[in-house]
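Taking the form predicted on its own, here's one chain by itself in structure tokens.
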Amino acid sequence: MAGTASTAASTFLHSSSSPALKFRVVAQCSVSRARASVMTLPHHTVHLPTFMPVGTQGTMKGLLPQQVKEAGAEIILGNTYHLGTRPGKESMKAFGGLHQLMGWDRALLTDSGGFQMVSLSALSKVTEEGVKFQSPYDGTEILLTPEESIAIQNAIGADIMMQLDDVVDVMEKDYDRFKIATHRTTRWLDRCMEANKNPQRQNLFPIVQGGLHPDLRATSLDQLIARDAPGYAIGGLSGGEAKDQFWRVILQCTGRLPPSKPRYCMGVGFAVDLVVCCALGADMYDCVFPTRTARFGCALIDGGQLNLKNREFAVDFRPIDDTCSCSTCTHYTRAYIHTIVTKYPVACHLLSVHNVAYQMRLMDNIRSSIIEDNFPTFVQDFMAGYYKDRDYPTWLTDALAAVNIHLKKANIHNQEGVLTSAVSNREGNINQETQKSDEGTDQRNSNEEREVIKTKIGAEALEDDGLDESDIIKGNFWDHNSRILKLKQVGYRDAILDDYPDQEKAGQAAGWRAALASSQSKTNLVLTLSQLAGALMALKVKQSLTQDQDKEVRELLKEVERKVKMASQSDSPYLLTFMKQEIGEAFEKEINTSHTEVNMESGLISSTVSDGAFSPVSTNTAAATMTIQNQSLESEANSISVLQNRVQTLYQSCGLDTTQLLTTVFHSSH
């Protein structure tokens, strides 16, 4: 699987299937598969590797085309399905194509609409003929066939068109569904090639499919390479699969695709992923991430992100990035953006300008390092800056080792000689400057403090999160106790879930249902609710609240305390579980006085309600302790979810970081 050195191409390599693309490799990394190349298209010459900002409906959210151009973008992406729906194929013809419509004079690539099979799966049905969609705008039915997809793309006038492919959710478990999709994608490619009315100026790229199955990927590669296309895309990824699976598919595909053709890795936009995929031999990338995360107040920098909603930036008068020359960094400070972020559209605009410029600069640096043949050094430096302690995830070291780049790890010892490996700043970590410990940290690193931490948090919890007590003392615990919460803090979670608020709420409630209903659950509702009450009291005491905020605190406290009382008395439909060491004799006595029986071995508390009075349930009958009315359980799960969201919203309205609050609650619930 290792990458090998090769001689850089010295002439343009014309595709036998398209006169509309010239491709030349100008430099090849002598260690990995990374390469720098030039792709000449009808509207512009594009220097690869490159990142393509996404303008789904003919615009990048928060940016003008001229600003995207000034940021350094040479090619952008539009979406066939959405543009075919609005403004529509005929209107696009009348406009003279998307270049004219949006005032863009550089290269343009259009997705085929195939991805909407997954993103709009509830509104679509796939047949051999094509994909039937229910329009999200007016509910009308739309049939997108390979021929119609190409007709729309011909009207758009894109330099590179993508074939309509049969896209299957990468998390699908049915092998046969992937097999059908692999062969159907090839049949649809043939129909797309036949339908292309403008092959002299518009290139058509096939999309390699096959899911996470190497045999199906090999079949797809064989079939598509035989069509001798001007370039190839690797599709069906970036949908939630494990990174260890992701990189292996990329490696397999780049190892087989013709070296004389550009390789497009679809849906990739996180900085670490871009660097890795370049090392694996891909050339082109796209993702909505830079502009989407900007809408949530996050700025991209080397080493991760800055979450400019955090109060620490209120008096930070530096630019987002001292090394960035974009108009945002030239004219505005972190403090100014913090003041307006997520409140006014201009903040999204300023952050989008910076984030797109960051992506362009990253690709420029990658390309320059390849040309200078120091790409492995660039990778070492970049990853060391991103993962401050060099505690790299296994997938990352394995992926780079597959192309002969071996990351150098570093072990760090504190003054007591305890080996520590602070939790690494994985995928979208916050600014390194906000994570530096005070100089006095080691002085506070006493045995007594360690014991307090062990007692309060529990050794098992630390091990589960990959932490030791020195990490807690250094302040790493709150940032890394929960991967989901860390992602939320830096905007990745919001970026991913932005379009799916209802599904997110349903998932949160489902998690509570599972926690409440499982006999193996460690969910401690009394502790969780009590911590919410404590968070509200802290807010009331420490913050200057507005009249509305104070009213919300009082209402939430009343509701939380009511639920605590209900749970403690066990007269609710909850199936409660408590850990014996946390309850103690005092709580056992409290339970006995409320006529509730407790099985301390199983940790179950049970009771029945009859005519408003409590009566004990025999612990000899396990089924009795597990009886829950589904309707009540659904109601309680949703109720807890709503409470947490209200407390979180209240904290955010006060300008406070919710990471510690939410981590405390979630840590007690898992």
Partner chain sequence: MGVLSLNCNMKFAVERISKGGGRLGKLSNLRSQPDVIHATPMTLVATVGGSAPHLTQDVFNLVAKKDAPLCVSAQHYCKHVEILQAYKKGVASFAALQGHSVCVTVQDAAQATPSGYNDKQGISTWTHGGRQVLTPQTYMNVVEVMQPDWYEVLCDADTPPDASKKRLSKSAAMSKSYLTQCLKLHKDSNCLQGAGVLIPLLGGHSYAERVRWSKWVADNAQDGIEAAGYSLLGLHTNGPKVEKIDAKAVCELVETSLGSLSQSLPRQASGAWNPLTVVRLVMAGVDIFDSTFPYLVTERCGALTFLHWLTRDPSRDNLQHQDKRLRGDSEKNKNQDEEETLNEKEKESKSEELESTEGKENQCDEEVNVKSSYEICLKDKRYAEVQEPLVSGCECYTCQNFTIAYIHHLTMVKELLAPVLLSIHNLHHWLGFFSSIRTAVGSDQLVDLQRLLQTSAA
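This one's a predicted model, so the numbers in the text were calculated from it and none came from an experiment. Residue numbers count along the first chain shown, from 1.
There is another form of the same protein, the form predicted in complex with the partner chain; it is not shown, and what comes next is about it.
Interface residue among Lys173, Lys197, Arg562, Lys343, judged by heavy atoms within 4.5 Å of the partner chain in the model of the complex: Lys343.
This chain is drawn without the partner chain; in the model of the complex, the residue among Leu350, Val276, Ile156, Ile370 with a heavy atom within 4.5 Å of it is Leu350.
Residue contact with the partner chain in the model of the complex: Arg86 places a heavy atom within 4.5 Å of it. Within this chain, Val26 is remote from the site of the partner chain in the model of the complex, having no heavy atom within 4.5 Å. The closest non-hydrogen atom of Ala226 lies beyond 4.5 Å of the partner chain in the model of the complex. Proximity of His331 to the partner chain in the model of the complex falls within the 4.5 Å heavy atom cutoff. Stretch 335 to 343 is the contacting one of 335 to 343, 201 to 209, 390 to 398, 145 to 153, since its residues have non-hydrogen atoms within 4.5 Å of the partner chain in the model of the complex.
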